[in-house]
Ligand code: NAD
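This document starts with one chain, in the form predicted alone, laid out as structure tokens.
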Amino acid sequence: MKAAVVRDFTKPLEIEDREVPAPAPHQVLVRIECSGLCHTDIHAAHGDWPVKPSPPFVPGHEGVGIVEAAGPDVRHVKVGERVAIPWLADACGRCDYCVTGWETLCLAQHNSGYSVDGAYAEYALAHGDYVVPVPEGVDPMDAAPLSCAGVTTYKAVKLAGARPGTRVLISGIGGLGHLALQYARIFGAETVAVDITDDKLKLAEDLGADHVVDARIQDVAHEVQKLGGADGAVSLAVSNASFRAAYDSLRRGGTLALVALPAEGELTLPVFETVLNGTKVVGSIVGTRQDLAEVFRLHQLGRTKVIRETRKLEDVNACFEDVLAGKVSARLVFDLR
């Protein structure tokens, strides 16, 4: 099988021919139809974060495909079923996080394309309990970005407190932000979209944002406070300045959900104002299997639209360069069909 492999953090990925793996008793073998490109894949390939993957490895945690084989212990999915392989490859299933609906915080978790081989390949292994079925009628090319960009922003918008009558700021209208904006609208919130490029600002308008702020020429916090401040903010732009602008945009009692992970991300907060205003700052890390099932259901119902471009796996290194150069409108998806 063909696979894109990281062998050195300082070198381009290599396209290799590997043996198709056999599933362990708890695993499924998935014939990958498509795999989304997430900025996390680039961080993984470059070894950007403090906890680094161990080369050689195959990136990819937005894999969608057909179950070709299943180990004898697999009960929840069947051969022939379309499934998604998300970031959470598996967790212990027994700790207090796992049993209280916070499996993404499990200290024993493994992550697809990071601590275990992922979906930048024609075939991938996955834990049978942690793949998520893709409903009938959901295009696999849409399901791939929804498996990370979708579920990550869906969870963050929830944590930011979006609901009817609230005002929610979405900072960064790209691969994640264009979906976050849609979820905030689905939850009934008044939306404020912030970005620094004409294309992304136009995209926000096209997706129905109630207010659009150009951070190049406008003071974000000032503009949002003129509206009455944001009840919630979701930080998706990879910029320390954008984090602080989102924080300063909050009204009293507001919640800032941090999602973006710049290599040297930092947010310095004033303790007095944070306490006095009852401000909440939370980290939001992807979402659970149940969150992803809800994301797929919303898309099946026609409530969301995925903005994406299709590429070939052989072009993975050029795709990384395009993402880093800001040349991609929203999400890239590798077509392996």
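Numbers follow the displayed sequence, beginning with 1. Bear in mind that the values here come from a model prediction, so they are computed numbers and not experimental data.
If you look for the form predicted together with this ligand, you will not find it shown, but the lines that follow are about it.
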Using heavy atoms only and a 4.5 Å cut-off, determine which of V295, V30, C38, A45 is in contact with this ligand in the predicted bound form. C38
Exactly one of V194, A160, A119, A230 comes within 4.5 Å of this ligand in the predicted bound form through a heavy atom, and that residue is V194
Proximity to this ligand in the predicted bound form (heavy atom, within 4.5 Å), stretch among 196 to 204, 72 to 80, 111 to 119, 128 to 136: 196 to 204
Give a yes/no on whether I285 approaches this ligand to within 4.5 Å in the predicted bound form, heavy atoms considered. yes
Considering only heavy atoms, tell me if S242 and this ligand come within 4.5 Å of each other in the predicted bound form. yes
Quick check on S249: any heavy atom within 4.5 Å of this ligand in the predicted bound form? no
Would you please decide whether V333 lies within 4.5 angstroms of this ligand in the predicted bound form, comparing each non-hydrogen atom pair? no
Across 225 to 246, the residues having a non-hydrogen atom within 4.5 Å of this ligand in the predicted bound form turn out to be L236, A237, V238, S239, S242
